[in-house]
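Given next, in structure tokens, is a single chain: the form predicted on its own.
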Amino acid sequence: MANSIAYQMINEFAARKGVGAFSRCERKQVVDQLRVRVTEPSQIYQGKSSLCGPASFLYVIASDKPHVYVKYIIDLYEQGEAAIGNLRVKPGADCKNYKVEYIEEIDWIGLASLRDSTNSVFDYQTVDDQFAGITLPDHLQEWFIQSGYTQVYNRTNLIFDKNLYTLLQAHQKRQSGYVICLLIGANLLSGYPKGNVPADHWVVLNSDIQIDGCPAISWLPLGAKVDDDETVYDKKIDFKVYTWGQADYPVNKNRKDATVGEFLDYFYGYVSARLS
């Protein structure tokens, strides 16, 4: 039902004429890209920008409520502002007038507008604005709250790694129907050494977590004591996330034998939310 409403909205949007608030983005391009994302929300992709936080958030919105996502994009394009529930988004002139490159037009409109509207000091106006594009956990938490999600929890730390028990709790929440956005170091997915890069990448947990080929939930009865079990850290870990335009990106894609201990070196917690 939600998809049929979304497609009807897109068709009506396509039939209208005129240049929108994002004057450098053609209506036909936005229409074509909208249809793709309603069919496959994982096509939302931040490209070379640092907009992984908005991408994770809008991926969830487009998956749960495609008609809401479509209205959000259409309103931004035609009116220069939009709302998702009580979340008001109104990007600045530089963001709307940017000549889009290295990212598809619809994703610039949706992602950059959200990031620019949230920033109180730094404008987000080009894909090179890496610092202004960073999404803090409390921002992501507030987006979910304002957009109508409930039981929104922020279990993150920007400096220190989180523990296995925190990851297992995220796993358990996903099984209970929560959306889980993990905060990690992107080098984990790329296969590069961690170096000194702290928490810098948001992904959406899209599968159960496997430890040594078994469901991670089997470790939960130990509670917080699981962090004292040294045997678990050398076991292989495997699960899939939404990131970089893919719905099922394996966390060990470039680290085939990634262990629990190695993953935790890149793990900084999660934000969870439940659709009301």
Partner chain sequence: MKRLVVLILLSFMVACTLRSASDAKPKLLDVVFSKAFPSTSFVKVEFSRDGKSILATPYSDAVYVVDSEDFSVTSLEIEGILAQAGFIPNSNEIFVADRDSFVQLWDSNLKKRFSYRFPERGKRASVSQDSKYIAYGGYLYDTSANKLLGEPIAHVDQSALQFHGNDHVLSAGYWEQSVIMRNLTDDTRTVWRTDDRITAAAAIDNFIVACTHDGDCYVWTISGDKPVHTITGWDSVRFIATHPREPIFAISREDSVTVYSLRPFKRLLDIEASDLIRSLSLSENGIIALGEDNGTIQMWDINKKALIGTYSVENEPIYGLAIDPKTSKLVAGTYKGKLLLLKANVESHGGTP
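Numbering follows the first chain given and starts at 1. Here the structure is a predicted model, which means the values were calculated and not measured.
Separately, the form predicted together with its partner chain exists; it is not shown, and the next lines address it.
Per-stretch contact check against its partner chain in the model of the complex, the hit in 136 to 144, 171 to 179, 101 to 109, 151 to 159 (non-hydrogen atom, 4.5 angstroms):
Among the listed stretches, the partner-contacting one is 101 to 109.
Find out whether any non-hydrogen atom of Q29 is located within 4.5 angstroms of its partner chain in the model of the complex, and reply yes or no.
Because a heavy atom of Q29 falls inside 4.5 Å of its partner chain in the model of the complex, the answer is yes.
Does at least one non-hydrogen atom of D234 fall within 4.5 angstroms of its partner chain in the model of the complex?
Contact with its partner chain, no.
Although the partner isn't part of this model, could you tell me whether S63 comes within 4.5 Å of its partner chain in the model of the complex, counting any heavy atom of the residue?
Close contact is absent here: in the model of the complex, S63 is far from its partner chain, nothing within 4.5 Å, heavy atoms only.
Report whether the minimum heavy atom distance between D228 and its partner chain in the model of the complex is within 4.5 Å.
D228: no, not in contact with its partner chain in the model of the complex.
Within 4.5 Å of its partner chain in the model of the complex, counting any non-hydrogen atom, which residues from 21 to 52 show up?
Going through 21 to 52 in order - heavy atoms within 4.5 Å of its partner chain in the model of the complex - the hits are R24, C25, E26, K28, Q29, D32, Q33, V36, E40, Q43, Y45, Q46, G47, K48, S49.
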